[in-house]
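Just one chain follows, in the form predicted alone, and it is written as structure tokens.
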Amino acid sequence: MTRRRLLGTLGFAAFAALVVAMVTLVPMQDYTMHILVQTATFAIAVFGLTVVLGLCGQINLAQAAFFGFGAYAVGLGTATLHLNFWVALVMGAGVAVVMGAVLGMTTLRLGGHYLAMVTISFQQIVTLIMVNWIPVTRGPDGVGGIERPALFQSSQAFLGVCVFAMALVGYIVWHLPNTRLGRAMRAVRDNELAAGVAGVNVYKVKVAAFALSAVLGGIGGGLFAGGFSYVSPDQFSFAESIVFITMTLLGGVSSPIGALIGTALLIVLPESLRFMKSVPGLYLAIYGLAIILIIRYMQDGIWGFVQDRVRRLLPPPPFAGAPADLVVTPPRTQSSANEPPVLEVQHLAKHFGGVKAVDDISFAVRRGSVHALIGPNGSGKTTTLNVLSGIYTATAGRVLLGGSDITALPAHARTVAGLGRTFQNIRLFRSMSALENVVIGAEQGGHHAEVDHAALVERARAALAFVGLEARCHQLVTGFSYGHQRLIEIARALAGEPTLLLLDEPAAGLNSSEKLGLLELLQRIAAKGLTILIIDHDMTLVTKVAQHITVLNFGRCIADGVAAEVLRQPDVIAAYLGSEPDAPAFT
């Protein structure tokens, strides 16, 4: 743990201890204690939405169901089964995490309104079970006589437990974005496809996000049941899930501080305005107007608005030392003469119904070479790259990387095996800085997965310096020009130290000066010994960097060999380059 993080942790612990001491020792009315218990327990559940929605970008409209799992486990466990409170709480959290993981696994390929519909349906099913499974849940009458822990029987003592739990969970969620899992969640939120190709296991990350959200909902619900000693189905309906979502959005979806602000706002503000009883409905009108104004003028929530202003006033300080030189080639275990080709494609095919986008193509990419895959539009080049990188599953054939069969591996596993990839349409993590984007590439790559974070940051700086952008590493990627965003994407791929770099039309959208810069960059990468497989329509670029060319047309390979020879073959000229064999330039 760094000195700065240690001091921050100690400061937070001291502040949390002070708050717990205050709510435990300062005399309060029962009404005030109930409001504070509700705020603390609801905040824990809302922290779960900060994880699944704020960090991972997955809609969850069933948080009240997980809240109910925890509440009913404590209620039935203590009142009916006479279990210890803490045992019942753990049981509730366990049920919630299992159900959250199941929900995450079943919604892997869903997003947007489809995911929302599934979570709404799950919420409605849970509510119906609570209402109608009377022998177990006691139906609409609910569960009363819920017991508290022996040492915390008084309302004020139990309030201290709830506030302590809220502070502890809040700290964990606050720290989560700076962990490997948290960065992977942020990558999935911004761009699932790019995250997978960068080495993130999207499936596991989504399941982990739903499971973490659910377990926090279960913990919050269990403490809620202990605080109020009574639960009923109407407290865990779909309407409550909407309240949880609203709390998250109002305060700021990306931070537990925002979640706490939103929770306090929706619980404390209506109660604070009830003194306006002389004008019926006035407090509701003021409350509603405040919510509308916040949503209209603070799209990132209250805390998001504050964070944005602070970030502008206090940008991160520049790094003290210069970055190290970038190492792009992994150590070799065999002599060059005995090494297999870096990439072997054997009779590869990809069919979409009756359309044969790729039809029985074979070629090999030698280690340390620049190999171009060219062809007219619709010839199957990008489809081939998508099959090689694991985005598409091959219909037939095999793909070997360094002699190992990777045909059945998913995209993230191929990245770990040594594939790096960029896209024709730039895919960056747009809520992150250039440095954070490249750190994910370094962290998820196969050669640096277990290295400490400081070393990953240094490698990311080296990659950015290699493409000429290290001086702006703390700037959000949305602030970069199109050409510079292309360079950041290449730096992210290089940071994972791939064995083979796949470039899908890197010159697309670049002006003439940017293309010259890209050409110089590709030559420097090749000079370092990294193997490159490139697709591009700019034949000037291709002929200057590639030693070997494979030509596709209508999904089939029509030529493969040394660049100068391939470009003069009649079939290639007819299919792609025009009628003049001595004028290979094509843009």
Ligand code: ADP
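All residue numbers are counted from 1 along the displayed sequence. Owing to the predicted nature of the structure, the values given are computational and were not obtained by experimental measurement.
The same protein has a further form, the form predicted in complex with adenosine-5'-diphosphate, not shown here; the description that follows concerns it.
Which residue among Arg421, Lys206, Lys381, Arg459 has a heavy atom within 4.5 angstroms of adenosine-5'-diphosphate in the predicted bound form? None of the others qualify; the residue that does is Lys381.
Residue (of Asn377, Thr478, Ser404, Gln153) lying close to adenosine-5'-diphosphate in the predicted bound form, criterion heavy atoms within 4.5 Å: The residue in contact is Asn377.
Which of 243-251, 348-356, 425-433, 228-236 has heavy atoms within 4.5 Å of adenosine-5'-diphosphate in the predicted bound form? Selected stretch: 348-356.
Tyr392 versus adenosine-5'-diphosphate, in the predicted bound form: is there a non-hydrogen atom within 4.5 Å? Contact check for Tyr392: yes, within 4.5 Å of adenosine-5'-diphosphate in the predicted bound form.
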